[in-house]
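Heads up, the chain below is alone and in the form predicted alone; it's given as structure tokens.
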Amino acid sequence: MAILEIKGVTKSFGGVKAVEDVSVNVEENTLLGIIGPNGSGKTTLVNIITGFIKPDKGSVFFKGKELIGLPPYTITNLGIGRAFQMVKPFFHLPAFKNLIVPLSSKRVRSTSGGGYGDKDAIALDILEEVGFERDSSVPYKTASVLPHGYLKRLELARLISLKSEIFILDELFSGLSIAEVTSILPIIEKILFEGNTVIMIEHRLKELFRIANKVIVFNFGRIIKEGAPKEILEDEEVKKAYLGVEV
């Protein structure tokens, strides 16, 4: 069953079509990978889904509800959470206090009968879930001094705190070591196991293809291939457009 339906979406900037007539269904409780060269339209599509950009034409439906025209905060409260490629925490707050904002959100209040309870304790639980050492000083450090790997985990924790149903992860693995990526993969698998849906824009193809159910390939604003990771790897058009690298 499709939880997200994108139908005929087109967006131009200064006469250049960043996204052109894109249609794709995202099935519930699956991981959709989005790949393609830089500038091919991947982030523009995510900006449309999350309400940061309005398309020139087309529709996006989340569980049957039209998203086009809704502001980003409304889309977030419906259950679509987004982690940005460039991390955007509250740098002046301790890591665990960064989660108090989503834990106090309208979505959490409406889905939890008023809230989670002791928000500090819950925030620490969620940080531990994504790899923060609970008995260390790390959860209490300000976000501004955290290493990049912890900031990426904090992005995941924020979406978990929001009780997101769709997790949109824009280059989550960017800037991480192989060991860091390997340690994050089980967290994403747990998010899926709990019944959620994940959309990942990613250039780290080996790691993405390990966990993706379906992959779509963008080139010049259009989807040139859609299928299982194995099909993507074997497609000649995809190889010419993007996969001229070791994967």
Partner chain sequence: MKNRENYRKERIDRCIKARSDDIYALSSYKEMWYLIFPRVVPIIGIAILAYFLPLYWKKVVITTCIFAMLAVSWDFLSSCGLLSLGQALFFGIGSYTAGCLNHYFHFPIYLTIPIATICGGFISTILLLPVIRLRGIYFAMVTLILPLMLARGIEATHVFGGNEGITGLSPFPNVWVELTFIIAGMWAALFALRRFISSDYGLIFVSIRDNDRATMASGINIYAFKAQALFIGSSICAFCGAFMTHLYMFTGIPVFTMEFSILPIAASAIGGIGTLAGPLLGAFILVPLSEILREFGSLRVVFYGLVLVVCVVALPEGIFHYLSRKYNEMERWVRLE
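Positions refer to the first chain, counted from 1. On a predicted model such as this, the values are computed, not experimentally measured, just so you know.
A second form of this protein, the form predicted together with its partner chain, is not displayed here; the remarks below concern that form.
Contact annotation for residue 47: at least one heavy atom lies within 4.5 Å of its partner chain in the model of the complex.
Although the partner is absent from this view, residue 104 contacts its partner chain in the model of the complex, with a non-hydrogen atom inside 4.5 angstroms. Although the partner is absent here, residue 72 sits close enough that one of its heavy atoms falls within 4.5 Å of its partner chain in the model of the complex. When contacts are judged by a 4.5 Å heavy atom cut-off, residue 100 counts as touching its partner chain in the model of the complex. Listed residues 126, 156, 168, 162 were compared with its partner chain in the model of the complex; 162 is the one with a heavy atom within 4.5 Å. Note on the partner interface in the model of the complex: the residue among 149, 79, 89, 131 having a heavy atom within 4.5 angstroms of its partner chain is 89. By the 4.5 Å heavy atom rule, the three marked residues 181, 220 and 239 all fail to count as contacting its partner chain in the model of the complex. Annotated contact segment (heavy atom within 4.5 Å of its partner chain in the model of the complex): 47 to 55, selected among 186 to 194, 47 to 55, 60 to 68, 23 to 31.
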